[in-house]
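Below you'll find only one chain, the form predicted on its own, shown as structure tokens.
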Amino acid sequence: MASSQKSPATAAEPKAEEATRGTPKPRGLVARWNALPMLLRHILAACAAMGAVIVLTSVTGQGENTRIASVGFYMLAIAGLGILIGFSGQVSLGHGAFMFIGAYSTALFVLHVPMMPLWLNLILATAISCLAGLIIGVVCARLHGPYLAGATLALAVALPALANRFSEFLGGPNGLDFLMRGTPPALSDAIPNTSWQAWVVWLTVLIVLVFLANLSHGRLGRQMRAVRDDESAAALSGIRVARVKVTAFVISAGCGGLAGALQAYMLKTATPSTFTVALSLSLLAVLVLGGLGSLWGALWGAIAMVYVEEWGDELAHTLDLGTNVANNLPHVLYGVLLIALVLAWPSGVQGFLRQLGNALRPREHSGYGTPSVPPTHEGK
């Protein structure tokens, strides 16, 4: 008669199998990529993006290099605005004012401290913008909805007017023109100036984006989303709501100021007409178009910001439109694209791409008879 009791080795086999099922090894490149530490993933992605920018600017002309650099600093400004609106839930209609502060800070440093290195100039311009964001964030901490939007809109209207009020210091309507060194002399024969400038812009942008990507997935990012979803619940859970909102304002202002400083570095000028209310509204429109709460959405928004205007100019030239109509045609195209995208995909371009990727991704089974849930990548 056979014994019904299992040997210890036989009884341990199911436990070993369960342990193996409980800690599945990564399979495939995607699973191995997701298994890497978050900071390492973001750094590797930034290095890959920098390599793509170098290759792209090596095969394009000067005009296209300038547009690629423009996509970079606009992406930084939109990402900063996305931190404020998409993560902390604060509405701002005056983000262009922080770009004004960054651009004019850079111009004044170049004109009055010409020996200052570029990296120190950018850091100081960012610090001044963060200080401005701190002051405005503290003042507006208790404002919500349309009151906050109105206060930031007043900022966007008032700051460019300072250039006319203090024309001797800020250059008046013509702004400030200056010269900045581009490609180092030792590399000037091998690397065009516009390519070097595009590399500097994108290197700066990618460093900040790595910081923002880690921030959005960290403790501060979770606190911002909690404040955005329900301030009362966030306060009851121990989150200092006012401090989180002011911190979001400071980070957003710093990104806007750095974007303005990079724009001044590219264009070698800072004029009040560049930072009008229309710029602030355009940044908000392309942020919604690209996708709120996503750094990838900032990229699609920046591409739209640069190339929709370019396509509008080409269309106006093809149709031989008047100057007034041609100047407003990009804003009309923004509006048409925004309405169409909101109706078709309310979560923007990045939301549509995420849905498309989830639909095309093959379903994997966890081994227990229920399909595994595809991972989401909110905030990337």
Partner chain sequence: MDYFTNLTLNGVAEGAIYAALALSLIIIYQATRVVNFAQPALALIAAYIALTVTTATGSYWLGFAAALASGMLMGAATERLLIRPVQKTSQLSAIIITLGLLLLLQGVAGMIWSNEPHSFNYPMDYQGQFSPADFFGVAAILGAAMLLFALYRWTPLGLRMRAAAAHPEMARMLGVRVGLMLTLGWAIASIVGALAGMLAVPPFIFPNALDSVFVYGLAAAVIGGLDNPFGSILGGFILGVSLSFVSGYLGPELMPMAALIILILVLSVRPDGLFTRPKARKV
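Residue numbers count along the first chain shown, from 1. Treat the numbers as computed from the prediction; the structure is a model and nothing was measured.
Missing here is the form predicted in complex with the partner chain; even so, the following discussion is about that form.
(message) If the cut-off is 4.5 angstroms on heavy atoms, which of these, 327, 58, 34, 62, is the one near the partner chain in the predicted complex?
(response) Exactly one residue meets the criterion: 327.
(message) Give me the residue from 50, 342, 38, 315 that has a heavy atom within 4.5 Å of the partner chain in the predicted complex.
(response) Result of the distance check: 342.
(message) Only one of these stretches, 62-70, 334-342, 39-47, 307-315, has heavy atoms within 4.5 Å of the partner chain in the predicted complex; which one is it?
(response) Only one stretch passes the 4.5 Å heavy-atom test: 334-342.
(message) Check for me whether the partner chain, as it appears in the predicted complex, comes within 4.5 angstroms of all of 85, 159 and 164 - heavy atoms only.
(response) Spot residues vs the partner chain: full contact, yes.
(message) So in the predicted complex, is the partner chain close enough to residue 222 to count as touching (4.5 Å, heavy atoms)?
(response) Heavy-atom contact with the partner chain at 4.5 Å: absent for residue 222.
(request) Tell me, yes or no, whether residue 143 is in contact with the partner chain in the predicted complex, where a contact means a heavy atom of each within 4.5 Å. (result) Output for residue 143 is yes: heavy atoms within 4.5 Å of the partner chain.
(message) Under a 4.5 Å heavy atom criterion, is residue 200 part of the interface with the partner chain in the predicted complex?
(response) Output for residue 200 is no: heavy atoms all beyond 4.5 Å of the partner chain.
(message) So in the predicted complex, is the partner chain close enough to residue 150 to count as touching (4.5 Å, heavy atoms)?
(response) Taking the distances in the predicted complex, the answer for residue 150 is yes, it comes within 4.5 Å of the partner chain.
(request) Heavy atoms within 4.5 Å of the partner chain in the predicted complex is the criterion; list the residues of 90-117 that meet it. (result) Result: 91, 93.
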